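Single chain ahead, by itself, as structure tokens, in the form predicted alone.
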């Protein structure tokens, strides 16, 4: 499902974010990527959905070599990847409904179906009562759940999540992880980047550990 071959990522100032990363995530697998702050976790996720290009190496996602894709093919690839960002990336002048519906509207899904899907996913994350609220009126935890709903509403084949429980209290963390496990059981490949050791020890999944931009354990 996701394969990386000898990936390097260097920035303009010469700093190396990732060095010689080779790894594989199987279809339907649930994997944690962990390591200290600055280890390269976020950069690695960004490469997986082509928010950034590697300096060197090849990345295969869902059968496509994404490092060789034309720009016109990117929207098709990203339809099958849901992403939960650490900083939410919500539209703060749009309602919760609009934020979640945007992905489906771009794909040309009929309005009636959009309404049904958005309601169902918001109910799943416990925010159906906030349908018409603006994100600025929500707590950090609620904003994170809107971000998760937006990532899942299109039923993606792959879910990438960057510190998805970092702003949540313990009870909501349990709810979010339960949701991730449920969609994983249904077939979605889940990759979660986190530095939370308690999360990793509680939910015993395969762990890939990064240190100084390199894989130290997988």
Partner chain sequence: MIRLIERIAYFISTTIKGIKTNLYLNAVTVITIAVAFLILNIFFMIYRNVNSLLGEWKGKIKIIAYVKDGVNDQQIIIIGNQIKSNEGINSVKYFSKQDALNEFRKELKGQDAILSGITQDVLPAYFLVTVKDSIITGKAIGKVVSFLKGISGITDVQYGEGIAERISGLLIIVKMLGFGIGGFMLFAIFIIVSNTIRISIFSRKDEIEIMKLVGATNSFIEIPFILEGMIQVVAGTGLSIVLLYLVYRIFMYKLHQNLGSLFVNINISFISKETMIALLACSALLGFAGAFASIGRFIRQSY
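Numbering follows the first chain given and starts at 1. Since the structure is predicted, the reported quantities are computational estimates derived from the model, not experimental observations.
Omitted here: the form predicted in complex with the partner chain. The next part is about that form.
Undergrad: May I ask you to state whether residue 140 is within 4.5 Å of the partner chain in the predicted complex, using heavy atom distances?
TA: Residue 140 lies outside the contact set for the partner chain.
Undergrad: Using the partner position in the predicted complex, report whether residue 174 sits within 4.5 Å of the partner chain, counting heavy atoms only.
TA: No, residue 174 is distant from the partner.
Undergrad: Residue-level question: is residue 102 within 4.5 Å of the partner chain in the predicted complex, judged on heavy atoms?
TA: Although the partner chain is absent here, residue 102 would touch it in the predicted complex, with heavy atoms inside 4.5 Å.
Undergrad: Test of understanding: in the predicted complex, would residue 107 fall inside 4.5 Å of the partner chain by heavy atoms?
TA: Residue-level check for residue 107: yes, a contact with the partner chain.
Undergrad: 53, 89 and 111: each with a heavy atom within 4.5 Å of the partner chain in the predicted complex?
TA: Checked in the predicted complex: all three residues contact the partner chain.
Undergrad: Among 156 to 164, 28 to 36, 66 to 74, 182 to 190, which stretch has residues with heavy atoms no more than 4.5 Å from the partner chain in the predicted complex?
TA: In the other structure, the partner sits against 66 to 74.
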